[in-house]
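In the form predicted on its own, a lone chain appears below as structure tokens.
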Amino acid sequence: MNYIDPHIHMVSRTTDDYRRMAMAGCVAVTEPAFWAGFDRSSPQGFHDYFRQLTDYEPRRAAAFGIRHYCWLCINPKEAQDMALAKDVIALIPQFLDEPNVLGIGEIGLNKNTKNELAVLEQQIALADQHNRLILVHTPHLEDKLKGTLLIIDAIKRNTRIDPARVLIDHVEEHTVAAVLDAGFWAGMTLYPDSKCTPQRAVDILETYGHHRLVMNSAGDWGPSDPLSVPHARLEMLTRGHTRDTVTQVTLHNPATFLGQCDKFRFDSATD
């Protein structure tokens, strides 16, 4: 059973992780720009990071038959610095025509500050200007619901943005309904023992159905598992879900969303 991981930070993973993912059936990944565990001190740091995402990682993934795509942005954690954000956003257009760049992401909010919201709106406008898909990061813990609603309102204020071209990630039980009701795609970001576990993700699927829902492994620099999607697939199977349903959620759903960008291609995504 093949799958797509639509949100995984492979720059923080070893090459052996690519091998393990390929053996588990991964045929494509998309990697959002994110906070790398420390604040970068200059736009040049982001420039080099964008080069890593658009040049080096696609070649590392290809060695294992995995297609690598990415998203570019200044992430919400570093968006508090308005001067830095302005310079980084100015860099992004020069990379948008790279063959593996799908859109703008993962933009969003971290602590729901005024500066973060202003930078979010600027990057929504950038996606609109270049007709790109959007991938969104929602805050963690007690700020998640408030931040999710602020993000939804910010996107809706730009009436040219089609909600069906936006994936709002890190949804949990108390935020998924608001995202789906507004017409967006919802992503369940899986972690071994925090945020949304594979078990909780399958609970959400059983409550809200399979339409416009995807699962991803995150696989970032903290405690995480790049095989979280295969773990969730196994959880679905052990609960009696059919192979067709598992494939719908973990392969066809992400392919449908990502396929709205004509750059997205994969040759092996058949079950």
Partner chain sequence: MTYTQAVDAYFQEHRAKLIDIAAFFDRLDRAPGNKAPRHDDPRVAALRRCIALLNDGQPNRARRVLETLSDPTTAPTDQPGSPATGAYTPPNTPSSNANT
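Since the structure is predicted, the reported quantities are computational estimates derived from the model, not experimental observations. Residue numbers count along the first chain shown, from 1.
Beyond the structure shown, there is the form predicted in complex with its partner chain, which is absent from this document and is the topic of what follows.
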The listed residue (Asp162, Glu98, Asp143, Asp128) that reaches within 4.5 Å of its partner chain in the predicted bound form by any heavy atom is Asp143
Candidate from Ile89, Ile152, Ile124, Leu117 lying within 4.5 Å of its partner chain in the predicted bound form - any heavy atom
Leu117
Does Thr238 reach its partner chain in the predicted bound form if we count a contact as any heavy atom within 4.5 Å?
yes
Can you tell me whether Arg200 touches its partner chain? I mean in the predicted bound form, with a 4.5 angstroms heavy atom cut-off.
yes
I'd like to know if Glu78 sits close to its partner chain in the predicted bound form, meaning any non-hydrogen atom pair within 4.5 angstroms.
no
Should Glu172 be classed as touching its partner chain in the predicted bound form when contacts are defined as heavy atoms within 4.5 Å?
yes
Based on heavy atom distances of 4.5 Å or less, which listed stretch (230 to 238, 35 to 43, 211 to 219, 49 to 57) is in contact with its partner chain in the predicted bound form?
230 to 238
Could you list the residues in 105 to 132 that come within 4.5 Å of its partner chain in the predicted bound form, counting only heavy atoms and keeping sequence order?
Lys111, Asn112, Thr113, Lys114, Leu117
